[in-house]
Every structure is written in structure tokens, then in C-alpha cells.
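Coming up is one lone chain in C-alpha cells, specifically the form predicted on its own.
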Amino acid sequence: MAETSSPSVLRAETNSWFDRVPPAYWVLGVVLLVIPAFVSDFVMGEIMARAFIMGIIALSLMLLGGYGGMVSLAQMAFAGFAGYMIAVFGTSAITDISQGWPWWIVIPLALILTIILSTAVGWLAVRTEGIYTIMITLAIAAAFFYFTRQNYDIFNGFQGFNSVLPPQLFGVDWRGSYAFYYLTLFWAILGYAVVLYISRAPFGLALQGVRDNPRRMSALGYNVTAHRVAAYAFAGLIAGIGGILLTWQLSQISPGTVGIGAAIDVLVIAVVGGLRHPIGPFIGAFIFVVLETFAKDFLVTLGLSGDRFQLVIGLGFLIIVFFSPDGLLGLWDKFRAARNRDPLTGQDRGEREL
């Protein structure tokens, strides 16, 4: 007779994934869900929603850099390309170019084209390493920026597209502050969960093996190039989602959105937060957006020019990287290690008890 599992065993198997989620994550989730009731529309739209969007785009870089060992400066170009495709095939104020197709065709088409672009870029970039990969992706980002600024037939030149709005879906105005906040929160949580799952899946583990020792992984039978190109394709999908949300938030897309400065900002966000865990880009994005929003007013209060707000961001970046190459996540690990270390012997308290 077949054995039947006891109710306690079934309950443990069913709720096991709840037990694996740290309590702090549940607290953070509740805070993010109820915070719109306590903050202004400006905080929701210009700080929180923008932090989620920039975090999603930086998450694509974290996937490549943290798990694949490939630093790409083309992620904002992928995000901008998706935004442009939404404007070209969807609706905007530039009716001579925009095709006006329905959203259920435009959004999947924009993401598919972005995946194709990122796959092509990855196919070129993975054949280089280190500084050469950075230079190739930077060159691609610069080429895309100048192409969009000089092309008027498809990208409408330096003016770009305006009045690019999210669709009226389920009777909800997704341009509203509350609706758009929860829309960006949903995609941020989904992106974080998917990247975290992939990092522990066979593909993610193989990608990390390729990062650490590509020659050994190749000897074990893994296709190193295919894994790296696939990582670029998936990172392009994530960046494309962030680019569409960014276009909807700004209600426009132009060459300034995909400029070299924006590409560097994504790198700064990912590095400041930390490249070794998916939560890092969102931490870096929140700090970056807060500094970007309030640094000008802070400098004016000190009697300095508000145009130098990038200097504040740059100094913060240098200080964090100087003390922790792993970003704020690295600083947190150092703080926890210091708390667990005996100040007299310098030995970890857990090891001393053993």
C-alpha cells in the first residue's frame, strides 16, 4: 500500500517558500504597498516610480555584470530603443510617423525587436573581454544616440516623440500617480524575482561558472558564447521593459533620454547599489534619484550653482566605491561582519563559540 504524507509534511512542503523569504522582505513589501497613502504625488511619481524604473534598467546591467562578468554600457540604448518602438508603432503627437497600432501588438513587438537588438549586440560584445567590451558597448550606445538625433524619417530627429502615453487598460488611467506607481512596483518586483530565480537556476549557475572560469566551463561541455549571448538577450528584455515604463513616465522619448550621460548613470546606479545581488540596482536607483532630485536645491542653499549637482553624485559614487568595491551591499556585509567580530580578539563570535 502506498504511503501517504502526513498533513504536517504537506503543510511544510506547501509553505516552504514562505519560510525562505526573509521577514524584512515582507515588511518592505507592506511598506511599499501602503506608502502611497502617506506621501505626495510628487514623491510617488518623481522619486519612487522613477527609482523603480531606473532600478529595472540597472537590473539588466547587474545580470550581465554580476552573474556574467560582462559590463555593458548599452543598456540605456536598449531601453531607449524599446521606448522609440512604442512611439513609432503606437500613438504619439507626431502623427506623421507614429502608426497608431493597438497596444497589444505594439508592446510585444517593441520587446521582441529589443531582444533581437540586444542579441546582436551581445553576439559582437562577447567576443571581447574587459575594457574592450566596455568600449564596444559604449560605441554602440553613442552610435544609437547620434543616429536617433540625426534621423528624422523614423526617430524624428532631436525632437523625438511626445504625448506617448500608456494605454487605457481595464478602465484604469495608468498615467495617474497611484496607478503608475503600482505599475512600476509590479514590474520591479517581477524583475527582481525572475533575476533572483535565474541566478539559482541551471542557466544562472552555468553563467556564473562562465564568469569565473570560462575555459573550464568550455571543457565541461558548456557553450560559453551561447550562454553569454543568451544573457544579453534576457538583459535586453529587462531593459526594454524599463524603457517602455520610462517613456510612459516622461510621456516622451528623445535622443537626450538615450545619451551617453544616461548610459553612465545606469552604470553608476548598478555599481553604487552592488552588482552581486538583484536588490542592489534598486538601492542604487533610489539613492541616485533622491540625489538627482534634491542635490540642486542643496547646492543652491549652500550658495553654489545648481548645475553642479552631478558633482555631488560623482563624489558620492567615489566615496562608496573607495570604501567598498561591492557598493552599498558590500558596506552592509562589512558592517555585519564587524558586529559579529570580538573587538578584543578580532575573531568571529560564532567561530569562538564553536
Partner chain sequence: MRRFANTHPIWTGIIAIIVVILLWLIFAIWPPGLVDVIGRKKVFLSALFNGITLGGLYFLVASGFTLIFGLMRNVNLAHGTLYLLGGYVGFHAANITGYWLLAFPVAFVVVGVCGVLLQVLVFRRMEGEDLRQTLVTIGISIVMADLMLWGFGGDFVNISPPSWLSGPVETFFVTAQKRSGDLVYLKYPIVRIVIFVAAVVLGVGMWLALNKTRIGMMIRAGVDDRDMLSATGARIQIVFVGVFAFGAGLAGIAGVVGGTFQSIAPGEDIRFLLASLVVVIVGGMGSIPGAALGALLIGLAEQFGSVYFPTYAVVLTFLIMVLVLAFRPQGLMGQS
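Positions refer to the first chain, counted from 1. Keep in mind the model is a prediction, meaning the values are calculated, not measured.
Keep in mind that the form predicted in complex with the partner chain is not shown, yet the notes after this line are about it.
For the chain shown alone, Leu311 is a contact residue for the partner chain in the predicted complex, at least one non-hydrogen atom being within 4.5 angstroms. Taking the partner from elsewhere, Phe317 is found to have a heavy atom lying within 4.5 Å of the partner chain in the predicted complex. At least one heavy atom of Val321 is located within 4.5 Å of the partner chain in the predicted complex.
A residue is said to contact a partner when one of its heavy atoms sits within 4.5 Å of a partner heavy atom; Trp101 fails this definition for the partner chain in the predicted complex, lying far away. The stretch in contact with the partner chain in the predicted complex, judged by heavy atoms within 4.5 Å, is 261-269, chosen from 181-189, 107-115, 261-269, 233-241. Contact annotation for the candidate site: Ile97, Phe158 and Val164 all lie away from the partner chain in the predicted complex (no heavy atom within 4.5 Å). This chain lacks the partner; the member of Gln168, Gln150, Asn223, Asn213 within 4.5 angstroms of the partner chain in the predicted complex by a non-hydrogen atom is Gln150. Note on the partner interface in the predicted complex: the residue among Ala219, Leu124, Ala193, Ala93 having a heavy atom within 4.5 angstroms of the partner chain is Leu124. In this stretch, 53-83, the one residue having a heavy atom within 4.5 Å of the partner chain in the predicted complex is Val71; the partner itself is omitted from this view.
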